[in-house]
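Read on for two forms of one protein chain; each stands alone as structure tokens, with the labels structure 1 and structure 2.
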Structure 1
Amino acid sequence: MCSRTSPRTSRTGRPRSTEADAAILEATRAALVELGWSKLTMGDVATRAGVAKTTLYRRWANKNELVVDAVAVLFDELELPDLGSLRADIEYVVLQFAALLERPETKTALMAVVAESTRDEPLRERIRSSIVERQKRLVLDGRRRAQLRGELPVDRDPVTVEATDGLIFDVIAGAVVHRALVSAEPVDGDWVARLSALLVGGLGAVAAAP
């Protein structure tokens, strides 16, 4: 929501219109659905939002940053209720993440901004803090719960803990993204069942053999 060029606690002057913020982000998502990433233009978003083009540039430096903010809020919906078992938790979060990737806004925008981020460090940081970290927290929660249930051993070495967390996250998120966007095949119950079986079995084997 907050832009990079946010006036640090500007006490005086006319305040930024929060309605304009919301309208712009909403218009950006609508444009992503209708046009996709490549054909989305700043002028078109401004027109849809009923806002002058200069107002967009006062908040976001370029198209990339705008789209990240517009899509990031969709990731707020992600949650991980305790379903009683590691396997059930994995299946739930995978299906939820897949549903998010099926939406045309995220489908066309996520890969594009990640591609741009390979040459734009501030953009990468913005993606990390507003999207990636939000997903990764689910992994940490799931692992912690599994340990409380006794399904996974409690690792004492902090280095191993962090490495394993990162591995699990990259495997789950990467597999889902690759399945949905590269292989372009559905993330259905059957596939999710196979993935979770692979993960649960693999985590057990890894924990058993240090």
Structure 2
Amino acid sequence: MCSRTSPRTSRTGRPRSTEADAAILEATRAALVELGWSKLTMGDVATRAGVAKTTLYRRWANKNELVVDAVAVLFDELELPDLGSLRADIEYVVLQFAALLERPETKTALMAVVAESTRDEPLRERIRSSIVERQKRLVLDGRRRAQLRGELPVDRDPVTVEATDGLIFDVIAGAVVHRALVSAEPVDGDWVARLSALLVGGLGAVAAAP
């Protein structure tokens, strides 16, 4: 499981407070829902969290870093229990992911940072490191279990493994985000069953999906 603290751990000074971090990130999400990206300020977050503005800047250099971390901890809540089959595992995590995207704080924060990142390369990199790379753990766990069950072949080439894991993550995350946030269509059981059939069995399996 990955860390839920901000990557900015190299600064010296007093030890970080887990409670203060949680209050700050929660205040950030609440402010985003209420004010939107453009009106959100570090000062507003500090007031809502009940901390000094200097406390914020000791942890996050700017609003971009703060908002990405506020989103990242939500995605860290995703879990992949072993349900006995690759299809069942995929369906579970997709439904869990979709439910997370339905939360106003997740939807607002994610769309805000993605839009802002189109003109901010450091922000794009922080999204990759704090959200995308951290959540690839779900793909790694799912593939490893499927290989142990004999559902997938074992690939021992680290380059191929990394490329495949990245592709699986892109396909699942891209499909769910597009369905939920772009098309605004429901991510329900029928749609998830067809997606998992496509991932596990290919195009020929989609027509047979229940």
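Numbering runs along the sequence of structure 1, starting at 1. Because the structure is predicted, anything quoted here is derived from the model rather than measured. Here the rigid core means the biggest group of C-alpha atoms that line up within 1.5 Å when the two forms are laid on top of each other.
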Could you let me know which number goes with the form predicted on its own? 2
Rigid core superposed, CA of Ala23 - does it shift 2 Å or more between the two structures? yes
Rigid core superposition, Glu185 Cα moves 2 angstroms or more between the two structures: no
Trp37: after superposing the rigid core, is there a C-alpha shift of 2 Å or more between the two structures? yes
Shift in Å of the Arg58 Cα between the two structures [rigid core superposition]: 5.9
